[in-house]
Each structure stands twice: as C-alpha cells, then as structure tokens.
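First, one chain by itself in structure tokens, the form predicted on its own.
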Amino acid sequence: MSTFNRVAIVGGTHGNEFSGIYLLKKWQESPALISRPTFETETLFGNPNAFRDNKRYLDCDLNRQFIPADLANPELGNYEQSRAKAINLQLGPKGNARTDLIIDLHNTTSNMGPTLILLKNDAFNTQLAAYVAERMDNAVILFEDHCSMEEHYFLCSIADQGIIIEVGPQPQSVIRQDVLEWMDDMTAHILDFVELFNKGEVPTLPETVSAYRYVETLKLPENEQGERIGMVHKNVQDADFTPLRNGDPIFTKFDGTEVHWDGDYEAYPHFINEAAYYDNNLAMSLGEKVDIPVIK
C-alpha cells in the first residue's frame, strides 16, 4: 500500500459550520499541532465568502459540486461552482490529485456526536476506523461507500482518499466547546494514524469494527404541492443511531396523525432533522448497523 505525502484539512466548506473554521485558525497559528514527520499538512478555508455572509452557501452547496463533469463544465460559473473549480486545481485535480488525503470538517445540527464518515472500504479506511474507535469511546463510524470516489460529489472526493468528520449537535453559526473538542481530537487521531500507517507501525487492531452503513434518505411528509405537512416524531428527534423498527412512529403530521416506519430492516436514523436539509424537505438518513472486517 502506498504512503501519504500530502494531507489537506478543509474547514468551512459550509460557511455557517463554525468548528472547523475556528480550528483552522488555531492550527494556522500553531501549525505544529497538525504537523507530522512523514507527510505535509496544509489547511484550506473552503467557503470564506459564505462565512463572511454567515450563510451555508451563497448560490449552491459547495459540497455537491465535485463530480468531474461539473468541474469540467465552464458554464457552471456561480460562486460555489467557481470555488469548486479553484479548490480542485489547488488540491487535485480529481482523478490525479496532488493531495493524497483530504479531511473535511463539518458540523451538523443533528445529535450525531463525533462521527467519522468514510467513503471507501479498503485497508486504510477500515484500519483507520478501528484505530479511531479504540481511542474515542463516543466515536461513531459511518460508511458511505455506495459509489466510487469519481461519482461522489463531495469536496473530499478530489483525493484518492477522502474522509469527513461530522460532529453535532451544534446550531448553525454557533460554537460549542464539546463539539469543537471532539472535532479537534478526532482530527489528531486521524493524523496520528496516517503517521503510523506511513511508518508501517499501525498497532494491532481488532478483526472487525462496529459501524453503520448508509442505506437511504427519507423526506418529511409532503402534500401534492410538495409542501411540508409534518415533522419528525418526538421519539425519533435527537435519537441518532438508535434503532428504528417496522411499526415505530417516525413522523407526526400537523393534524396529529402519526406516520409509522414501514421498512423491512432495522434502521439507524442519522442526520435527523438536520436544519440545512430543510430546503429539500429531507428528514433523515437511514443506515444499517454492520461489523466491518478490518482489512490488514
């Protein structure tokens, strides 16, 4: 397996997710905190104009602009589309990136705790998952490996290895000490693991790691006009990664009617009632709980 020469840490991909932004400031003032002997670490402020205006984005979601066809399309030229092309030139280009690993820092309004999102199921990612899980008792491991890196539209998919740290609950445009510290700690563990991986000194890890794997996304109840007519059920609210079984209440309509989960598997909701997803009436993601083999 190849080693890592360049690692990029990105914060502020969404301008109102503050933990990563303020950690970047901290690390830029004290670069030794993210420096490791066997690789270079750089930091990048993803969407400074959205942060300036205290918005998630100005024109469109920056973290949805990194499909190769979109990056190559000169007609896609609004602020975030242009910013994506600039970031791709700086860290990429996607498919032949100068950056070996991108760590993208995000906050969520959902009660997900410190969640490590992995886009690939290979030796590096499974070993990283096991390493972080052993060092952070409250760490949640989530695999979103349902498509190739080329098909992913996330910023971190520019590199051959890209991961997301997603920590909450934290309101938009707010800083919480516990959430910021979880993000700081998880980032440090990832950098420590990359250093050990490069040196061939990864410690003995378990055979499997407990994780969740993304399955689907649910929308809030809507009428025929696409208007919202219900909300997340109070039993589900704030219960990220708690099992949901067939027949459990999942939504409550504004007239008081309950909607029950009609699924053929035990689901684990996450990104529950994420504020940023209300523009699309998205209620939550669902995953399955899995034991992922740690590839040696």
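Predicted, not measured: the structure shown is a model, and the values here were computed from it. Note that residue numbering begins at 1 and tracks the sequence as displayed.
This next part talks about the form predicted in complex with a further copy of the same chain, which is not shown.
Colleague: Would S82 sit within 4.5 Å of a further copy of the same chain in the predicted bound form, counting heavy atoms only?
Modeller: Looking in the predicted bound form, residue contacts with a further copy of the same chain do not include S82, since no heavy atom lies within 4.5 Å.
Colleague: Considering non-hydrogen atoms and a 4.5 Å limit, does a further copy of the same chain approach E222 in the predicted bound form?
Modeller: Result no; E222 lies far from a further copy of the same chain in the predicted bound form.
Colleague: Can any non-hydrogen atom of T204 be found within 4.5 angstroms of a further copy of the same chain in the predicted bound form?
Modeller: Answer no; every heavy atom of T204 is more than 4.5 Å from a further copy of the same chain in the predicted bound form.
Colleague: May I ask you to check whether L282 falls inside a 4.5 Å heavy atom distance of a further copy of the same chain in the predicted bound form?
Modeller: So L282 does not count as contacting a further copy of the same chain.
Colleague: Suppose contact means a heavy atom within 4.5 Å; in the predicted bound form, does that hold for all of Y22, H233 and N273 with a further copy of the same chain?
Modeller: Judged in the predicted bound form, Y22, H233 and N273 all sit within 4.5 Å of a further copy of the same chain.
Colleague: Counting non-hydrogen atoms within 4.5 angstroms of a further copy of the same chain in the predicted bound form, say which of L119, L91, L180, V140 makes the cut.
Modeller: Exactly one residue meets the criterion: L180.
Colleague: Among Q172, Q127, T187, N198, which has at least one heavy atom within 4.5 Å of a further copy of the same chain in the predicted bound form?
Modeller: Exactly one residue meets the criterion: Q172.
Colleague: Only one of 130 to 138, 147 to 155, 96 to 104, 172 to 180 has heavy atoms within 4.5 Å of a further copy of the same chain in the predicted bound form; I'd like to know which.
Modeller: Correct option: 172 to 180.
Colleague: Considering only 15 to 38, what residues come within 4.5 Å of a further copy of the same chain in the predicted bound form, judged by heavy atoms?
Modeller: Going through 15 to 38 in order - heavy atoms within 4.5 Å of a further copy of the same chain in the predicted bound form - the hits are F18, Y22, K26.
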